[in-house]
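First, one chain by itself in structure tokens, the form predicted on its own.
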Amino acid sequence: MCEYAVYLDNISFSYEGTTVIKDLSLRVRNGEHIGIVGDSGCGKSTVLKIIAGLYEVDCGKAVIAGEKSPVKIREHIAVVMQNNSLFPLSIRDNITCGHDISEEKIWTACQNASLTEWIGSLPDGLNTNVGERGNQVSGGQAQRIQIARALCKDAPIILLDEPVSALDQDTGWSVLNAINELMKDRTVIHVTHHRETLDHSYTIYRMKGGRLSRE
């Protein structure tokens, strides 16, 4: 099983008494890019949270990066969410999450996330506070900060949950370009309603009835 970055074997998961996922299996090899599409509420984001070590399955087997413990799994995962998941701290703190990361690595991540020009225009630069729930930055800037955070973590598995759904078209494509930097040489699971955001590098699965089927 170590050959798989993600190994889900007949997993089931219920939320508040309702079965969301039933007998679902998925094998993802290291470096593979997987896209998961499906209607709203079909369980796509739930699968992502199981892979991220945020939910534990009711039954079946979930092994991520060779780990079964949620705490250990989270060490190998970086996530970029559709909603603004920033802390009411500085840009720097949102990127480093309190870890000791060199200035060079922070700026390299910012450059790859297309943040350097904007940050350079701010009086306080990286020390600019993003506000409560990131309300002092735009949606596109918030997504790029999340991408820089993921780049600094340098995790082998990247999870993308509708990362451009709340953005206008131009900003969305700009953020996708930054995501392409994040995806290099990594395993990627990308959940989206918008199949057009998934290029030829992806193997596509559709979520329906609590299961995945390859398209």
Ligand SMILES: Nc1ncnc2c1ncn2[C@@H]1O[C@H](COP(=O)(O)OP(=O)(O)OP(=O)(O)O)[C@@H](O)[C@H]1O
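A quick note: this is a predicted structure, and the numbers were derived from the prediction, not measured. Start at 1 and count along the sequence shown; that's the residue number.
There is another form of this protein, the form predicted together with the ligand, and it is not shown here; the text below is about that form.
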item	value
One stretch from 61-69, 35-43, 176-184, 144-152 that, in the predicted bound form, holds residues within 4.5 Å of the ligand by heavy atom	35-43
is_contact(residue 193, the ligand) in the predicted bound form, heavy atom dist at most 4.5 Å	yes
Residue 82, heavy atom within 4.5 angstroms of the ligand in the predicted bound form	yes
Partner proximity in the predicted bound form: residue 20 to the ligand, non-hydrogen atom cutoff 4.5 Å	yes
